[in-house]
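For reference, the chain that follows is the form predicted on its own, supplied as structure tokens.
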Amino acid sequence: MHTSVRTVIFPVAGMGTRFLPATKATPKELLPVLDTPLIQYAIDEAQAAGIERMVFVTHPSKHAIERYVMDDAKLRSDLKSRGKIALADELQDAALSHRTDDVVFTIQDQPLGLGHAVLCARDHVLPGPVAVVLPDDLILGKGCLGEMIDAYGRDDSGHLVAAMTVAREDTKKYGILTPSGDNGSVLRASGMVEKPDPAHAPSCEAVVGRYILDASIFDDLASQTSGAGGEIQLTDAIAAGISRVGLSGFRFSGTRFDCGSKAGMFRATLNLAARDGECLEVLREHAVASHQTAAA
């Protein structure tokens, strides 16, 4: 049985170039999907999974993330003075507090890749395996991280990564597993390659933004040379440890949206809008108007 997963790392230092100019002033992680910022979904998922410590790896230019994440007593006081008590209470419920929550902010001052971002958190994690959550990979449904932690406790793999099947032509966009065994929701892997040519991809099992990593990942990252794009690739460090600690992919039950892209963000927004009565009416109006335009 593995030591429990007590720490989650949120790598949030990226520039969000695919959403410029919006991300010139607003960090990508604070962009809303319908009415909730991406980072809030990630925090809620980690809390539901029972994580003790949250480590945010951010950039000096992204102070807005800490301002959003942490409780703002003055703002709540101002809202209450204006009679907006329910809104103030809602903000307090969503926010983290240094008095009640174990929260760390650390800096990645150079864009040296996801692996480097995870390494920046090394001095701040609790003992044992660590989780990594990429907030722009939004997974709706039953909490993916919680599912993975449950599976990790039953599994003998040192590294467990969220996995989903993609079209072969899309394998060039992901880290791809080399399967070696299948146990239902857990897929054993003997290797992993970053963004392979589809013609040479070892499978169509793609790694997406949830990881539970053996603590040895930090030693592997520290000795990792630059990989694709001249960056320290987390995929390469995971692959380096397979012979020692093992690797498995976890097939989660939720629906994943790539909110690092405009299309993915739009798909996620439409998915949530369809569950909201007010927004659903707008979608129906739009569908009728589109049908009438097409028929004209």
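Only a predicted model underlies this, so the values are computations on that prediction, with no experimental measurement involved. One rule holds for the numbers: they count along the sequence shown, beginning at 1.
The form predicted in complex with a small molecule is left out here; the points below concern that form.
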**Message:** Give me the residue from G153, P198, P111, G191 that has a heavy atom within 4.5 Å of the small molecule in the model of the complex.
**Reply:** P111
**Message:** If the criterion is a non-hydrogen atom within 4.5 angstroms, does every one of T17, E29 and L134 touch the small molecule in the model of the complex?
**Reply:** yes
**Message:** At 4.5 Å between heavy atoms, is L221 in contact with the small molecule in the model of the complex?
**Reply:** no
**Prompt:** Is there a heavy atom of C144 lying 4.5 Å or less from a heavy atom of the small molecule in the model of the complex?
**Reply:** no
**Prompt:** Should A117 be counted as a contact of the small molecule in the model of the complex, where contact means heavy atoms within 4.5 Å?
**Reply:** yes
**Asked** If we take heavy atoms and a 4.5 Å cut-off, which stretch out of 103-111, 166-174, 69-77, 180-188 is in contact with the small molecule in the model of the complex?
**Response** 103-111
